[in-house]
Structure formats: structure tokens, C-alpha cells
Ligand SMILES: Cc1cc2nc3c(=O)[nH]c(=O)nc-3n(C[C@H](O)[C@H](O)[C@H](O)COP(=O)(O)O)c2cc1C
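One chain comes next, on its own, written as C-alpha cells: the form predicted on its own.
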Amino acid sequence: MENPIEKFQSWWNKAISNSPLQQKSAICISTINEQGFPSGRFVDLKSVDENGFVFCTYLDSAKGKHIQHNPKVAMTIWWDHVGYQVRVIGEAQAVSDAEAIEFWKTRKRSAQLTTTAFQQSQPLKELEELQTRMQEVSDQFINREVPKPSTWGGYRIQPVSIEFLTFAENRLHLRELFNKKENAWIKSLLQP
């Protein structure tokens, strides 16, 4: 029986090794807000294993609040340069603080400073505030590590379904759907 996690890892390795994209691991995460509307945005996929798909974010961001309200999420990827689309449906759970710290250490210093300086999605009074806040935080952490803020962490999507689409110019796309049933993956094919 084919393992969709191994298939995803193979596709991901191929897509990022050959990628013309600047954000090679960008994925669209869709959550459901308190009014029941979907909301999508791009984040960086950090890791994938048998336990799920991990991305990091501000825990008090809109997506973090949506996940707290309703952990059912969708993840979509389109790698145009290799003709692959992947769709994942599952439930998001926070990663441990120890895992979040390890992911934090892999971030560029500029990303750490930005995350520390701002509260994602909160109103900005004026454009100049961007530079001012960034400079203040940069000065605060001269010659020392930037610690992970308590409001930053990660989520692991535990998939219940994974669909792989291999694009075909003649529109006869190969669609392979894996549904998880009682800890086993059941594969079926879908019409294009």
C-alpha cells in the first residue's frame, strides 16, 4: 500500500530542489473564522512526517484564533514548475514549546526580530511605525540571541485526507485521493 506521507515528501523534495520560486515551501492554510467563513493565507511549511504537516505562526494571530475556535483546516499547494497540486484536510494541534523553540532557531535573524517587534494583523497607526519598532527591537538585541516570544509557535496538521494531482496539458489530470480510516490509508482515483 502506498504511503501518502512518503509520496508527499518525495514530491516536496523534487519541487524545492528544482524550484524557481523565492518561497519554495509556501503553502496556503485555510481556517474557518468565528462567523463560519473560510480564510486562506500563505505560510512556510516547516516539516512533514507521519505525525503531520508543521507550520509556524503567531499563536494569537487571526489563524491562531481560528484554530483555537475550530481546529479543522485545509492546506493547499500548487507547484506549477513540476505540475503538482496537493490538498490536505485535517485537524491542527499546537506543537510543543520545545519543538517551537527548535523551529525558532532555524529562522533568519531578521524574521526573529520582525516577529518580536510586531503583533501580526493588528492595526498599524502609521507607516513610519514599521521602521521605528524594527529599530527598537534590533537595538535591544544587539550581539545577543532573540528569544522566542511566548505568542509564537507552531501547528501540526494531522491529515484525514490527502489528494495529489499530477497536471496534464490535455487536462486528463491524475488525481489520487488518500483517506485515513482506522489508522490506515485508503487510496482511490478521482476523475479530472
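From 1 onward, residues are counted along the sequence shown. As the structure is a computational prediction, the values presented were derived from the model and not from experiment.
The same protein also exists as the form predicted together with this ligand; that form is not shown, yet it is the one meant from here on.
Chemist: Is every one of S19, V48 and V82 within 4.5 Å of this ligand in the predicted bound form, counting heavy atoms?
Modeler: So, no: the whole triplet misses this ligand.
Chemist: Since the chain is shown here on its own, which stretch among 178-186, 6-14, 165-173, 21-29 would lie within 4.5 Å of this ligand in the predicted bound form, judged by heavy atoms?
Modeler: Every other range fails; the passing one is 21-29.
Chemist: F42: heavy atom within 4.5 Å of this ligand in the predicted bound form?
Modeler: Output for F42 is yes: heavy atoms within 4.5 Å of this ligand.
Chemist: M134: heavy atom within 4.5 Å of this ligand in the predicted bound form?
Modeler: Because no heavy atom of M134 falls inside 4.5 Å of this ligand in the predicted bound form, the answer is no.
Chemist: Would you please decide whether S61 lies within 4.5 angstroms of this ligand in the predicted bound form, comparing each non-hydrogen atom pair?
Modeler: The answer is yes: S61 has a heavy atom within 4.5 Å of this ligand.
Chemist: Answer with yes or no whether T76 is in contact with this ligand in the predicted bound form, where contact means some heavy atom within 4.5 Å.
Modeler: It does not: once this ligand is placed as it appears in the predicted bound form, T76 has no heavy atom within 4.5 Å of it.
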